[in-house]
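Taking the form predicted alone, here's one chain by itself in structure tokens.
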Amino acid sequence: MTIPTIEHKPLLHLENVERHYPNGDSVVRALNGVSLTVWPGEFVAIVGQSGSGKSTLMNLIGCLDQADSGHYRVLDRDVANLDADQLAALRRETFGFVFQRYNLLNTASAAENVEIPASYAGMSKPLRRARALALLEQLGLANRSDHRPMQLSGGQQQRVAIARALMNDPPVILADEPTGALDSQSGRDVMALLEDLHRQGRTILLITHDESVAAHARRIIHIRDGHIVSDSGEQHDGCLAVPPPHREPGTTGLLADLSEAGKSATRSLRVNLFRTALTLLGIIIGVSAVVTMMAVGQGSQKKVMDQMTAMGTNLLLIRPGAPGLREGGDVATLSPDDADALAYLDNVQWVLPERSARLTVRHGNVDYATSVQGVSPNLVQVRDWPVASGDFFNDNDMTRFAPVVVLGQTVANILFPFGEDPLGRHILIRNIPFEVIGVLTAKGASASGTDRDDGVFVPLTTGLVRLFGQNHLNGITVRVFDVDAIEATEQAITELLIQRHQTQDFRVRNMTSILVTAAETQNTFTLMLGIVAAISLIVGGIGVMNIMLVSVTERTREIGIRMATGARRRDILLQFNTEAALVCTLGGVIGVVLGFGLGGLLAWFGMTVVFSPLPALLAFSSAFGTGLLFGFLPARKAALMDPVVALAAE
């Protein structure tokens, strides 16, 4: 191979570099005034025993660490002026690392390990895959590309590490004790590879304690106690290799970065399935609780509102007793004449006077205690309660005090079981025979849970004279034409009754306002359910943060490897945040599905459940946001790690 010549310009230049570490009350001087120049195309061995400072020197040369004083320039760039991401870019473009312990990711295949530097350089997936396979083939590992590190021998793992070091085509290969963990033959193979790379024009820096390994280099530097004690001489005369041209790192955009982070996150989560499942569980419970409880709350609200709406929203309820008087007892302040007077007010459509008592009704040998209500014929219109069979009594029945009765569905089923037709039959109320002339349609339970079909209805006049023994009413219900004018009608009723009674011995309730109050109460109830469910979601998020902090601690060395191969802080932050977001997203999806399933199960058991997309969307969004929020702190901790400290972690 013809090696072109270059002008005499150093590739790496250290001048009076010092690196100190605190050690209790003292200071360890790992490097003390080191000056060194490395020229393109050199093969340099830095030799020293353990503690001599050679590894510290390699960390400084590889921009994994920075000097406390002195100057270090790479391709004429002063590294002291570079921030963390600029140092990562310099490592990515200039250096390829070969470590004694290989430092491969156990969760990735050989090819995926080789691809790591190129992914941070912005190379597209197809290109870096092709290059990784080509490098593995050159190193005799074509048939091992899909194997994970634990499936490879030590020599094969080191060759994968060399392929990774070559992935971005860097001008400098830094080899830290590359044969230290290998058998003799594997060690010789690795050194043969490094010599071959040198012949191809690479600059090789070899860190070793073994003189026989150092003998492969063209230049040998001995270091002891942080000082360079000997240097066989700089070799920069004659024809020198030219480092590969400087390339600006490519870029594939944020979507590609997210895609890579997602793949890495999926791989990491798959390795710890049980822990991932436990982490998911907290989010699943939180999201499903939000969906289910909000559906139950909305269902409860709908049920109450439907029941109250069925009573009529255009009604005014007048009850005896002064405002503030405790309800109960038989208060005699309303009379049938009051009901007749109210019928002439503007906006009044129907007036329903009412009197009721709890009495026993009998048919044959069946006795049943129920509510006997004396009402006027317009109950059907006021209550929107049509007759299912037969007829309701009329004004003529009122005038002649007719002993006729209309049954609710519950009473009809009890007194006339086995499908008997009650029409035309007679029942006894206080031993007075009443002819059954109709059966009302089923109304179901009221908002308070009372069975509205458990009652019978007789003409008010008949009831007052023959059943109740009193001439006053339990209440009057007024139905208005125009709901918008209901408050004015309420005021008119109040003024008329005060004029008639000379005092306010009654209460008027507006069903519209009651409906609004009920809606507010139900909304508060639903909100409380949502808050309780949201708390469980937050607890799940805290669980995610704890698990991610544990994950960061366990994977400290992986973080160091990624930083050494060119990962920026943003890349590390994105990866770990993506893992947290992925957990919460998956948990959110499962939680939404489970929430709908639980709601459907409750509906199957008869509970009123109303699903709407908004709570599910909010729950899922909250789960995703929880992942980002609670995953940020562990991700930030990972991104701010010192590469040297991370690589040294066990």
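Residues carry their position along the shown sequence, with the first being 1. Just so you know, these numbers come straight off a predicted model, no measurement behind them.
Beyond what is shown, the protein has a form predicted together with adenosine-5'-diphosphate (ADP); the following relates to that form.
- The stretch from 44-52, 592-600, 578-586, 612-620 that comes within 4.5 Å of adenosine-5'-diphosphate (ADP) in the predicted bound form, counting heavy atoms only, is 44-52.
- Using a 4.5 angstroms threshold between heavy atoms, M607 stays clear of adenosine-5'-diphosphate (ADP) in the predicted bound form.
- Not displayed here, adenosine-5'-diphosphate (ADP) is kept clear of I61 by more than 4.5 Å at the level of heavy atoms in the predicted bound form.
- adenosine-5'-diphosphate (ADP) in the predicted bound form comes within 4.5 Å of a heavy atom belonging to A30.
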